[in-house]
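Before any questions on how it binds or moves, here is one chain, the form predicted on its own, in structure tokens.
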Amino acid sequence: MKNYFKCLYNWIDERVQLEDLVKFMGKKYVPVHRHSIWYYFGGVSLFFFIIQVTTGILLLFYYKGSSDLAFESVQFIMSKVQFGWLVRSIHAWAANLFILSAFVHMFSVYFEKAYRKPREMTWITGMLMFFMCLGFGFSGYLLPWNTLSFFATKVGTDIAGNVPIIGGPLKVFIRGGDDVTGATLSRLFGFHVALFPGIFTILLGIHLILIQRQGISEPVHFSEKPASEKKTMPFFPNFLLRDLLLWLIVLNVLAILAVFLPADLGIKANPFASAPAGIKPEWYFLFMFQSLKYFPSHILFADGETVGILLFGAAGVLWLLIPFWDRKSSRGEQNRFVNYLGLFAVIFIIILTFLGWLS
């Protein structure tokens, strides 16, 4: 058996020069320090994206993207298709864990200041993918066409409509009309399965190329050490095998959640019914949704909700461009304000999400 694999490897190596790739990967080293565990969450996010694509393709064999058939097609998947309920549950749980791991990865990169020169473009592509993760969540939420997803989408698009100047056209563009209808479902379905995956894949390719070219970032405290005191491990096979082991652990956790806490379908949406009490967005939008409740109806001459949306938009832009305004970080110096700002963001998101969940 060992000779068989060696012959197979040699056969492939003669045609695609695998040995050059192995040598290239063997020259890549990963810093080893007390915060090395955060390096793995980028790979975990990638793993969840792969699961999302795989399970999404399987669901596409049976799903019908129209308001007349969407709910029934999901119902058919869960009740009639062999292991259909499991595939849908894995898809639903992987979506939530994908966004959670992306949150963790983003904040770990932020606190380790891995956006410093020359990794500005790596940070920007990563943040654009993070925003697209939220887009995946929003566009996929309506697809089962149940009551909760219908009215949550209605509330979400109403909030987007409060953006000054572009809010009205943006709401009509997302909905495919003036209200949430079958056209909205068809449009979000197209975004979810075609447009967003295509853009995300391009950004992912650029992101991975940049990481390979630049290597894994070293924290400030690690980079200041003498070369003789720095510990590293080869990317291949040491780091890669640990990454794969974590993927296996994550897969087991995902399987347990999907089996013992399967995704619920709920009741089919009725556009003519009144909205049920306590409509909330998914947990990753909950902190923004809850924050807008605390704004007064009017602030000076502006609508309070509009001011809140503008503040969140400005915060997102500043967060995206942090490599360019955190000047001290580009020279390897600590900037305590940036650390405090990130800590405030983490605490703010956790507390507001918790309050939104309780309300």
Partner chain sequence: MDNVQGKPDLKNRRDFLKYLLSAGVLGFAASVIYPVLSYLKPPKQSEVEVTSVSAGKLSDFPKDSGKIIRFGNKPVLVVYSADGNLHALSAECTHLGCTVQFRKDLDLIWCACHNGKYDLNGRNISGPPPRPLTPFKVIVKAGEIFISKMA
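Residue numbers count along the first chain shown, from 1. Please read these numbers as outputs of a predicted model, since none were measured by experiment.
The next section is about a form of this same protein that is not shown, the form predicted together with its partner chain.
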Exercise. Work out which of 295, 38, 62, 324 lies within 4.5 Å of its partner chain in the model of the complex, going by heavy atoms.
Key: 62
Exercise. Identify which of 310, 320, 46, 69 has a heavy atom within 4.5 Å of its partner chain in the model of the complex; exactly one of them does.
Key: 69
Quiz item: Can all three of 73, 77 and 84 be found with a heavy atom no more than 4.5 Å from its partner chain in the model of the complex?
Solution: yes
Quiz item: Using a 4.5 Å heavy atom cut-off, which stretch among 245-253, 159-167, 193-201, 96-104 contacts its partner chain in the model of the complex?
Solution: 245-253
Quiz item: in the model of the complex, does residue 58 have a heavy atom within 4.5 Å of its partner chain?
Solution: yes
